[in-house]
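Read the single chain below, which is given as structure tokens and is the form predicted alone.
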């Protein structure tokens, strides 16, 4: 397999889609659908792909399955766009094993969330100091700041210390909620020369996307089933057409909000990806919810209304 020579850097921007992990109806990995899904994401114009994230059901995979899935994605991409791999693990040894393996396969960098049980600023800093020492100085790292899931809050001064002390920290996946002020504070520190600039991509299903772009985000790292919306909103905003970017985003907002529901949101995402031909089955690996008839009827109506809203929009493609 040809390796990508591109390592993730602080100038990363655009849309790094968070990939789902396709399963067959019996719960086994669906590798043919993995190929289709990669092709689908490429067709929608994404700038990068992130695999084995929380919404990729990574904790439900065995170590062997994680390797198999990562290898399949990287082989299909063949270095065309950068791939980030989630390697968070309870222990540093399995984290390093997966990180080294996927970098050897051609990944651009890895993503790490804080470990469970961190209760202080010093504990947060100390945890990532150990992570960086374990992974080494040449492996680019994305810090995932998602306190709604991890239960661990990242204060800006702690993040600044980490950025200053560890050059391999090249990106923040910003998912604090509410987090707009945190984003503004980080960018202000950078503008004042008090902290080196890193890439910031935002998550939370993109629900605050236009406001985050306006506050200095470099793009999105999230996984909604309409990646083309994220791509077009980013392009319009970058072209200085913020109102048109928000008009397009607003057309999708009811769906974005619906997919962002806790627990059932991933089931919605997978069902829409199935309907769009990207994967064969909407299966979530157990434990996980399954959409019922009422859920599917709601989704039918929501997608029909989305089509009507998009048909009424008059937005030129961004150059």
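Residue numbers count along the first chain shown, from 1. Model, not experiment: these values are computed from the prediction.
What comes next is about the form predicted together with another copy of the chain, which is not displayed.
Comment: 152-160 is the region of 152-160, 68-76, 105-113, 194-202 lying near another copy of the chain in the predicted complex, near meaning a non-hydrogen atom within 4.5 Å.
When contacts are defined as a non-hydrogen atom within 4.5 Å, all of 127, 208 and 301 contact another copy of the chain in the predicted complex. Residue contact check for residue 165: none of its heavy atoms lie within 4.5 Å of another copy of the chain in the predicted complex. Under a 4.5 angstroms non-hydrogen atom cutoff, another copy of the chain in the predicted complex has residue 122 among its neighbouring residues.
In the predicted complex, at least one heavy atom of residue 242 sits within 4.5 Å of another copy of the chain. Another copy of the chain in the predicted complex is not approached by residue 43, whose heavy atoms all lie more than 4.5 angstroms from it.
For the options 81, 235, 139, 180, the residue carrying a heavy atom within 4.5 angstroms of another copy of the chain in the predicted complex is 180.
Along 280-305, residues 285, 286, 287, 290, 291, 292, 294, 295, 298, 301, 302, 305 each place a heavy atom within 4.5 Å of another copy of the chain in the predicted complex.
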